[in-house]
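We begin with a single chain expressed as structure tokens, specifically the form predicted on its own.
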Amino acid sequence: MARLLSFPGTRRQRELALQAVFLSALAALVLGAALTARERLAAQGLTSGFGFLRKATGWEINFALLPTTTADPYWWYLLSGLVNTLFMGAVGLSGAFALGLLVGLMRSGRNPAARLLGTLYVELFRNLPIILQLFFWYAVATALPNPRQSIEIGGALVNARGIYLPGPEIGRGIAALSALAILAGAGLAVGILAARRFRRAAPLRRQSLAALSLAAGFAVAAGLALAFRDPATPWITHPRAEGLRITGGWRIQPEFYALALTIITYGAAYVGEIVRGGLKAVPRGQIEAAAALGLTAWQRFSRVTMPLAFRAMLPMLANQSVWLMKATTLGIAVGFSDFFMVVAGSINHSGQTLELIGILMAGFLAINLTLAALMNRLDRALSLEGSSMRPRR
């Protein structure tokens, strides 16, 4: 009996065979469920497939970086929602990291007042539900005066309809491409500074290449603005109140900046604690050795403490980055047209629930896996072999 139940080959081959059988059974189960669902949908008169992506939507979204009309197909609306999510994520992550760094430094400093303010900030924003904070900021945004009583701050107008800023007179599509060019240049610069192949080069050469990449991004953005700008329009447009209308300028909608403020303030509370933990992880002997070499307080912080602390807190920052990117889906609660809200609207208008849910899942998987891969690549590039700050891999 034992011989009948035994499989031929080595142990490794038997393990692979069992895994193949398990995966085949799982694939057959998924395929059977998909075929059954398709038959049930067909029996109810519901069609399946992705042919609806080429049909016109017939409805509008209230915020879009890319130009959109009601005649655009579903695939363009989904792409626009994905771009909105990426833009919100970039704004939220950048603001949360910047403010979190400040909060972490305040909590790690020697000034009692700064430590108290940092502690109060962390305890306040970390212990309130993020959805409650979103409703608070949105209530504040919508409680501002009407357009006739707009608050003017340095040429900008603030009212219940949004924040109107002076800005260059270019279309939304060109503005989105320009921002993408700048982000690409900044990402390439970070990659050059972090890549192992460039770490062997002279520091001045590495910094020059990074600066050149960043300058190239700004040059491409400026070239796009110059190439597609209308010569008859002024370079900068200023917002002006005309009764209940605001003409000119760039409008930041309440839904956008309420969600951005929520992600920034909530994420900064956690990033601040990560920064504080990273600073405490720096060995005291490293700081004392830097002081013994005659380095000033700023030189010790910028050249010894912060680089070592950043290496220690990078894995936790990667996890926080992925979490904050997923938090952009809360925009549906206040009407921000992110990827999640566009998918929800498409489901209501097209009825293609399974297909659109699959697109939503695939989109967020691609975003978060890419973000995690980039952060892990940066972590590996900055890790120190044999250092007490990071276990040897």
Partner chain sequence: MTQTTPTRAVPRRRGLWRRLRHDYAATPAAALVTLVCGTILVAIAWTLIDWAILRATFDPAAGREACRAAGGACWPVIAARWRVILFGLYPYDEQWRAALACLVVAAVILLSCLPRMWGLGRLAAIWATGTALFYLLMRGGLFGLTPVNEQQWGGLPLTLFVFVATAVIGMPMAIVLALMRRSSLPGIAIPAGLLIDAIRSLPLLSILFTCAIVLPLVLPDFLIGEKLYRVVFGAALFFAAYQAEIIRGGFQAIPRGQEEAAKALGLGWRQRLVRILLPQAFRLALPATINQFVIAFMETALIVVVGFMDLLASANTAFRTGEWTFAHVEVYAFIAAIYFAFVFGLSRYGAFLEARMDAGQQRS
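All values reported here derive from a predicted model rather than from experimental measurement. Positions refer to the first chain, counted from 1. Here the rigid core means the biggest group of C-alpha atoms that line up within 1.5 Å when the two forms are laid on top of each other.
Note that the form predicted in complex with its partner chain isn't included here; everything after this is about it.
- Contact with its partner chain in the model of the complex, judged by any heavy atom within 4.5 Å, is made by just one of L209, L183, L117, A219: L117.
- This chain appears without its partner; in the model of the complex, the one residue of I153, A71, A143, A227 with a heavy atom within 4.5 Å of its partner chain is A143.
- By the criterion of a heavy atom within 4.5 Å, A25 is excluded from the residues contacting its partner chain in the model of the complex.
- Heavy atoms of R54 never reach within 4.5 Å of its partner chain in the model of the complex, leaving it off the interface.
- Residue contact with its partner chain in the model of the complex: I131 places a heavy atom within 4.5 Å of it.
- Contact annotation: F340 falls within 4.5 Å of its partner chain in the model of the complex, judged by heavy atom distances.
- Partner proximity in the model of the complex, defined as non-hydrogen atoms within 4.5 angstroms of its partner chain, places exactly one of 247-255, 264-272, 74-82, 92-100 at the interface: 264-272.
- For the stretch 320-358, the set of residues having any non-hydrogen atom within 4.5 angstroms of its partner chain in the model of the complex comprises W323, K326, T329, L330, I332, A333, F340, A344, I347, T353, L354, I357, in sequence order.
- Relative to the superposed core, L18 undergoes a Cα shift of 2 Å or more between the shown form and the other one.
- In the core-superposed comparison between the shown form and the other one, the C-alpha atom of L365 has shifted by less than 2 angstroms.
- After superposing the rigid core, the Cα of G32 is displaced by 2 Å or more between the shown form and the other one.
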